[in-house]
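The chain below stands alone and is given in structure tokens; this is the form predicted on its own.
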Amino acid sequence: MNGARPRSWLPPRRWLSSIEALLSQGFGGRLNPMHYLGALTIYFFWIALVSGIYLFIFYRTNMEGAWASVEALTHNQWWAGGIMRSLHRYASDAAVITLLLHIGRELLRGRHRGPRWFSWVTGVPLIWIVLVFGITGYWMVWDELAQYVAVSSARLMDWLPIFTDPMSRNFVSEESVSPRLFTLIAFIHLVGLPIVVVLAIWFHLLRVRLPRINPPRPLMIGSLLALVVLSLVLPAHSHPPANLDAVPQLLAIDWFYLAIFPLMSVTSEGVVWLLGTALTGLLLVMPWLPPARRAEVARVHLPDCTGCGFCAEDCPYGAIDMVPRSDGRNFELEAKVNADLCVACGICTGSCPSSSLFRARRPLTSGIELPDFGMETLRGMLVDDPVSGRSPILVVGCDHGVALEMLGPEQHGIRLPCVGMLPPSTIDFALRKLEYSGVLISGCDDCHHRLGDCWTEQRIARQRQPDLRRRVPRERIHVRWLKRGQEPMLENTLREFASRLPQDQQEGES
């Protein structure tokens, strides 16, 4: 019988998992672009920044030379400037796409709640910073689209009662445009806003331990090649030069950055500000809507804590500090849990050397564990649950990975809050003491808690403490990260794994 605990999945989350499962089949789990949306956004910004610096070398910061210099750059040196301009445009658009996907994915997966509220809330201003970043870039071309954007932006700002003189007066005629406008816009776009973006990203990642700020190299190369190909197939071009004495008639809008201006045309400036403010407010309060019940945080059991610090080093959320010993035992430090940062993932239990089922203590405790899912609970799931068949394969899953309800009588499944909670000694115990024929670890592809999969692989490979003992036969252990919806792949993996197990272990199943 399966030892999995019941769980509920909202349809949008199932749809997301299905889409990601398809991408994992095409790209492989470790190169699935959905797993690196935040890192890809930063990468696309770097591409836009580098290409923008090249473009600025040839840019003239005045009304007469702005459009002409961009045109000369685009056509006179096509294989350098023309491609760079298109690359700059498409990298900027790609950054918006990955940013929006990143927001939606974190929202659907519920990774904006609890201690993660800080990253979510500090990420909201980034949306508007990026929007302003893109809008100022369109000003610099000074074609008909730039004229439309400049006039519309001025009208939008004039709606706010903060300026003594309306900004739109600066665009009444050609003579009214300040000669310093393009120098100011170039400074804001090339210096001011990039600095703001870097600081905002740093603040956004302030509470994230070991953040992934760079996607894998194959994904970086593939993304860059895709942008280059797009730049060659659909090169970016300017509209006719701006003419403030005429109203632009036909414009190709970049909907990723300029969608607010057509919206303003069919509604009003006030409606745009109202919708923008309402959307910002809604995003800011999303971590608390609706109020969610938080699981009990991890607790330290000092009689079993030696102050080794492994739990503090492994916690993905920085929720554990090592502080001076308080119980008089002959150890220098003890672990202390910050309840405001703990998400009850259980990874600290897997990192604790005292988390061993070989210990005879009853009830079995660990130096640090979850109150409602401690070592005694884990032992019961392995030892006390009835199992059909002899020498079954133990399948270890997690709350966010592939479903285990489909397991047959020759397999026994247990589900943990995170596979990183599994102490390496449990694998040894399952194989030696409980005589499982093999252990298959199948947590979620792209760990919900970010580091549970990495730490598990490193512990099994003896690259991280506490590690798996050398005496444990590696051929009886298999790791396969799978998403919800990849149950058929789990079945195939189990069949292949069973066929590779030593013959003497399979005789009990025949």
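So that there is no doubt, residue numbering starts at 1 and follows the sequence shown. Remember, it's a predicted structure, so these values are computed and weren't measured experimentally.
The same protein has a further form, the form predicted in complex with protoporphyrin IX containing FE, not shown here; the description that follows concerns it.
This chain lacks the partner; the member of L190, M220, I103, M264 within 4.5 angstroms of protoporphyrin IX containing FE in the predicted bound form by a non-hydrogen atom is I103. Contact with protoporphyrin IX containing FE in the predicted bound form, defined as a heavy atom within 4.5 Å, holds for exactly one of I97, A80, I213, L206, namely I213. In summary, the region of this chain contacting protoporphyrin IX containing FE in the predicted bound form, judged by heavy atoms within 4.5 Å and restricted to 36 to 44, 22 to 30, 49 to 57, 66 to 74, corresponds to 36 to 44.
In the predicted bound form, protoporphyrin IX containing FE sits within 4.5 Å of a heavy atom of S119. Contact annotation for P248: none of its heavy atoms lies within 4.5 Å of protoporphyrin IX containing FE in the predicted bound form. In the predicted bound form, protoporphyrin IX containing FE sits beyond 4.5 Å of every heavy atom of A403. G123 belongs to the set of residues with a heavy atom inside 4.5 Å of protoporphyrin IX containing FE in the predicted bound form.
For a residue to qualify, one of its non-hydrogen atoms must sit within 4.5 Å of protoporphyrin IX containing FE in the predicted bound form; none of I414, M489 and R495 qualifies. Within 4.5 angstroms of protoporphyrin IX containing FE in the predicted bound form, the stretch 316 to 335 places a non-hydrogen atom from Y317 alone.
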